[in-house]
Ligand code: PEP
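Presented below, as structure tokens, is a lone chain in the form predicted alone.
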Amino acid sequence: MIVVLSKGISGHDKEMVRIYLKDRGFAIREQRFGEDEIIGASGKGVVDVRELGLLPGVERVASTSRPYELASRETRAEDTIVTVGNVKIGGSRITIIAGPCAVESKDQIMETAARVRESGAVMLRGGAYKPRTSPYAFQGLGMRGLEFMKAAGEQYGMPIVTEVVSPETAVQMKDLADMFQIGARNMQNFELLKKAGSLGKPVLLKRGPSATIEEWLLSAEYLLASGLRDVVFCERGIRTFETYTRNTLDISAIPVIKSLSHLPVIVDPSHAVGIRAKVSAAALAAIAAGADGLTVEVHPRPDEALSDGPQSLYPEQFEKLMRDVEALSPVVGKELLRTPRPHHHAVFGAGPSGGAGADAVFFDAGAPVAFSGESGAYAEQALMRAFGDEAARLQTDGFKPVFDAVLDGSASAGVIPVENSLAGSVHENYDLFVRYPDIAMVGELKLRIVHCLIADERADIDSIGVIRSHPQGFAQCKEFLDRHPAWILEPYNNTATAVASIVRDGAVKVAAIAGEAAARAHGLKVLKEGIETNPLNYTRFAIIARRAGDKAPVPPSLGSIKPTKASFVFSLPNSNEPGSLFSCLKIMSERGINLSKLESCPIQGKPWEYLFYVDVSVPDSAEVFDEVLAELKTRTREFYFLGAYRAAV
């Protein structure tokens, strides 16, 4: 049983809670768990939980049926997000850790760090102390290796995680390591667990080769009971009768752990299969099963590795794996975590001609991020993918107020939909870019849209007469709606607002089309899930910021400051002149610039005149790109450079 104490509880009230529990036969322990001060009560005592909850200074009582009280989801319903330096593990992110099995030399770890960072890893792994089966195998470089690794992590902006093998070395390593790894062989080294937990460093806890899930959870309980909050589970395969692979990856452990515990879980596919050619497949399976991240062994020359060479990926293989993970992420409702690189100002732009880096934007990390809608909106989900679950948010009642909030500084950035894979472009927002020249597009991400029919708890499909949603929601669910021709469709400016209206109106015969998150946010039930016409339903969201100042941190998950994509809008001097549009496209083609989108839209108030919306890939040469845009401006009547950013996969 866990007793969570009120913030600011008096010493007298705390003592009375202690006495109350001891008098009823409980052994007690006190500690802080995150921001909460708690008293854990164990043993065969008997207590009236309601009476205990009424004691002064008691915020709540959590009675668990699990022996791992602190790790249990019964104690903490919401997911824990573990922070390691500038990296978050858990929530809506997929976090990738990469590096060699062992630190072999300063040059080796520096080269590996550079390669994995370039591919998108956000943490660096590597062993300074290596527990090996054979006493004659390479045992690591010890503290010298850890110093090499720390230097590599600092140079490339990556926190480091390394294995700790004894309570004594844990104390020695605590000032250099950002995260301790407790390896499979030490999962039940309880003295090590207690010492590591008391040092306050985040811990990556690997599953033992023969450990049950409950034993694994109880090992985490040792860490938590020692005062630690930040624990990450790592599934790395278990020992079975199978001999073809090094271990057997227990994919089922991922959803099981996530249902039993609030702590994040990642997977080590390298140790799970032990065969280089199989690592990527196992890694993608882990992501599909719901893992919060991966830790992957990568070596610049695996054939020369002093340990685990056969399971270490070549840097080129890791780069491909990262692309595949990024492509898979939206399917499982997550975003690949990116972090800013060191020694660079995250500035969108620099050229005088208005090219790939021409438009610096202002981004105030202390201000909220604006989106259109209410809690549970798809735009809010996109916001959390880009800026993190804990990001401050500003709700607005439309797309224009998002632009207004960014322009006047009440929001640091905004998240708006610009295109759906089924219903096409959101022309209203493209028009707003033209009307707000001081706003730039600085990033994008793609969100898989799974529509649900949502209603009051008392409702059923047969009783529904009215459906509320955004017009795009109606368009994306046309086949489902066509099967119910008697339903009346009421458009709203946002899907989540449509859901909220049911609660405000107390409506029982009204349903809304929106995401499951909106149903949870407003306490309604899902009558039917997955009603979109095509399951390959994605919305592309743009991250917008104000053009001002000369420095702008990249939104947390958007990663590298180097843009790979740009968007602009133009109109032609004379649309009736043959070849006028072709001449603009030819400018890009001759410079080797790939055109990924071209769409026309009528100009309001000017019949038969059109704006052309264009997305292109940014070439490696900023000079070439600036020349192209400069020439386009001479061939067009109106030209609006919307922004350069990193393309979503």
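One-based numbering along the sequence shown. Since this is a predicted model, take the numbers as computed values, not measurements.
Form predicted in complex with the named molecule: not shown, discussed below.
- This chain appears without its partner; in the predicted complex, the one residue of M173, A184, I266, A566 with a heavy atom within 4.5 Å of the named molecule is A184.
- Checking R93, R236, H470, R546 for any heavy atom within 4.5 Å of the named molecule in the predicted complex turns up a single hit: R236.
- With the named molecule omitted here, the record of contacts in the predicted complex names 122-130 of 122-130, 566-574, 471-479, 506-514, defined by a heavy atom within 4.5 Å.
- At a distance threshold of 4.5 angstroms between non-hydrogen atoms, M179 is out of contact with the named molecule in the predicted complex.
- Residue contact check for V82: none of its heavy atoms lie within 4.5 Å of the named molecule in the predicted complex.
- In the predicted complex, D292 stays away from the named molecule, with no heavy atom inside 4.5 Å.
- Of the heavy atoms in E532, none are within 4.5 Å of the named molecule in the predicted complex.
- Not one of E326, R385 and L445 comes within 4.5 Å of the named molecule in the predicted complex, counting any heavy atom.
- Contacts between 91-107 and the named molecule, taken as any heavy atom within 4.5 Å in the predicted complex, involve only C101.
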